[in-house]
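The chain below stands alone and is given in structure tokens; this is the form predicted alone.
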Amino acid sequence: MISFARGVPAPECLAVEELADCARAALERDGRTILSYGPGGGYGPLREVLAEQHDVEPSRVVITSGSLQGFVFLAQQLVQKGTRVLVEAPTYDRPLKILSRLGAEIVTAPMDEDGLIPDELPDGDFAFLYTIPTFQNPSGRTMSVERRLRLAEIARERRLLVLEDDPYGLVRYDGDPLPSVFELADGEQIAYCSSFSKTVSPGVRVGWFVLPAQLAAEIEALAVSTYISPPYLSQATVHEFLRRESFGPNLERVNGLLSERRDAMLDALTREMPEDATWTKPAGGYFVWLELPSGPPSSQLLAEAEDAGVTFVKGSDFFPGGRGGESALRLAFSFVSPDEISDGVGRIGGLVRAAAPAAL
């Protein structure tokens, strides 16, 4: 099976030997700390590095087992049955599942090729707005600087808490980095989260949140009540990786590997898709969003594609209640080789052509 379904790094992206050495060094230097219980906010030295990076006090940084764990804590703290939460449409499917499980009323905000449209945010009171401004999952879109500034302004005016999820921001292949909404807003009304899953390894399960002081204390208390103490060994391993200044060279290597895959995906789509098909052209991240107006519904196409040995995620999974994205699909290019990408997109293209020959 050629899988375009999961946004995970290819095995060759993982610095296995160096991370093993970092774990050993962390144990030798600080083993009595990292093999014991400790504060729920995370491994102190890593917390300090992240706090300095974001120009905040370490107490405002909460390190979690991947950023999705932090999202669960935040949602549990802020959401009850009937609580209104704003999300982009489309958006990452896992937060949708979490919010639905908590009984939230999920309200969508529109996007276009420049990302979320701040001036079209629905009126009303919301617990928070969840946004992925850079190389968005699932669309690959990036919010413009002008819209980031406007979003920060609206958050201030409406006293709307914005959760900026930024796991892909450093996974950039083209162009210059953009300032985060958190930076543009000086942290006011903006909570920021990211992860080392896409830049170091998903298996280390190290994500982090930068939160207003009171909310950070509440989330840390919730973390302690959930798992008593975080996994310090993996956090200390990441800290050692940063301390050795291995992060930058590794990121450059990873971006080179994934850039080749992004290019292979875009080339294959140009070659294989019908004229009325459209797709995003991300400058980074893991995903391309493909729209097939004349093709079969993506749910039907998925079943046929899996029979043909290729899989993806249907677009409706990224909308609350599955209402939207019926003609769209998310293609993750990060795990499969360029040759597999070419082959897999060719199989999907063949199914689309067979279903709608007149469109070609």
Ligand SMILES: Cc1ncc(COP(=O)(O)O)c(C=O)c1O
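Model, not experiment: these values are computed from the prediction. Start at 1 and count along the sequence shown; that's the residue number.
The next section is about a form of this same protein that is not shown, the form predicted in complex with this ligand.
Each of S67, Y130 and S197 comes within 4.5 Å of this ligand in the predicted bound form, counting any heavy atom. Stretch-level contact check against this ligand in the predicted bound form with heavy atoms at 4.5 Å: of 217-225, 132-140, 102-110, 232-240, the positive one is 132-140.
Taking non-hydrogen atoms only, P282 never approaches this ligand to within 4.5 angstroms in the predicted bound form. In the predicted bound form, no heavy atom of P90 sits within 4.5 Å of this ligand. Heavy atoms of Y168 reach within 4.5 Å of this ligand in the predicted bound form, making it an interface residue. Among residues of the shown chain, R205 is one whose heavy atoms approach this ligand to within 4.5 Å in the predicted bound form.
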